[in-house]
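In the block that follows, a single chain appears as structure tokens, in the form predicted on its own.
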Amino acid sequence: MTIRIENLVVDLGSFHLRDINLTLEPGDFFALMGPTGAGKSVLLEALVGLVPITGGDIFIDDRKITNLPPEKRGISIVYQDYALFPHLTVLDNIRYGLRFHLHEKGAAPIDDLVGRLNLNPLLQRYPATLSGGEQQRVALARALAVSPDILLLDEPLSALDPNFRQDLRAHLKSLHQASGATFLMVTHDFSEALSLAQRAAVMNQGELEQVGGIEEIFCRPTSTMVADFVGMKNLFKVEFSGSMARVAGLEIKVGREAEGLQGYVAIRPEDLILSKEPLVSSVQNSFAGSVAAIRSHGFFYEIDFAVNSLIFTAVITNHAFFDLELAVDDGFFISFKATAVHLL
């Protein structure tokens, strides 16, 4: 079903959602991203009817649900802390919502959900005896048991370790395809958004900064806030001349005309290439500089590289780091293609 949010306003003390306009198409898997405190969870709770709305409207298809109670909206929500009933077994938790919904399907949908989420061995156990991953699977089954038109997921995988997270990500993808429901997921994890969502939005301070295809947001942000949020760590204010961007005495080839404009260039850290000698290739930008800082992140390294007064940040693999024998203050070259330069 289609979700349509029109000019939504929510006032919660000093925090406000302002003029939220958003449409989710039937069967969307939509990711809502943004820094902590941006208003993502507030928006989900407004949709489900748990916080009061000051202005605007919410529609499911052509049905206005703005003032309906939560149980009449056809929306389920799954929180990151699971919110299971501790005194009920797994099976009773899953069945709990059915008492408020009339279904002709009987137990068949529950049997299917239990099988898909590998919950059969857990049905007579209580939440306190389950792992985090098991509790999250139960919470998903409970939310989907009522056959919701829309499922809201508030950071559903953030509390899980990487192995559980990968398994549940696969479960979510399978459940979305099988249910045909519209999924709206709040997440801080870029890999989750990229692997699960087709479209996304970035929120900041109670407003939507950008809405679009998931790859569009990651590769073509429309504001400096979104560029910084999606990890374009190399963000420089520049002046354009022809197909060049000038900053700190450098001329960066951007591959297209931007004469007379003022703005920013943004370059993803993984698009930067470090080398001991200048590259002889199709790479159009190459600058000499020195290593300013090295940070290990386990499976990769983040390298700050000083060129004149600018600091570029590159991401390289462990293998590349040891091959290059990088050390602070060493002289190196940094290179990148003109097509890797995004204009803001």
Partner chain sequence: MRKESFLWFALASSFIVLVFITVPLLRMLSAPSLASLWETICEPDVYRSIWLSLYTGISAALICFVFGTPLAYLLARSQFRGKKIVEAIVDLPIVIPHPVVGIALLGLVGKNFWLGRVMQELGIRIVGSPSGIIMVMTFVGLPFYLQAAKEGFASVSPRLEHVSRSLGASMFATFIGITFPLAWRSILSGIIMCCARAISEFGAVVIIAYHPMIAPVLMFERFQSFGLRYSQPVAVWLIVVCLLLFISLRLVGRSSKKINIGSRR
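Model, not experiment: these values are computed from the prediction. Numbering follows the first chain given and starts at 1.
Quick note: we don't show the form predicted together with its partner chain, though the next part is all about it.
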Quiz prompt | Contact assignment for its partner chain in the predicted complex, among I75, I252, L172, L153, heavy atom within 4.5 Å | solution = I75
Quiz item: in the predicted complex, which of the listed residues (V291, V42, I53, V48) lies with a heavy atom within 4.5 Å of its partner chain?
Solution: V48
Practice problem: Report whether the minimum heavy atom distance between A83 and its partner chain in the predicted complex is within 4.5 Å. | Solution: yes
Quiz item: Would V265 show up as a contact with its partner chain in the predicted complex if we use heavy atoms at 4.5 Å?
Solution: no
Quiz item: Contact between H87 and its partner chain in the predicted complex at 4.5 Å, heavy atoms?
Solution: yes
Exercise. Answer for F240 alone: is it within 4.5 Å of its partner chain in the predicted complex, judged on heavy atom distances?
Key: no
Quiz item: Is every one of Y79, G97 and V146 in contact with its partner chain in the predicted complex, taking contact as a heavy atom within 4.5 Å?
Solution: yes
Practice problem: Counting only non-hydrogen atoms, choose the one of 111-119, 135-143, 241-249, 203-211 that falls within 4.5 Å of its partner chain in the predicted complex. | Solution: 135-143
Quiz item: Even though the chain is shown alone, can you say which residues of 51-71 have a heavy atom within 4.5 Å of its partner chain in the predicted complex?
Solution: P69, P70, E71
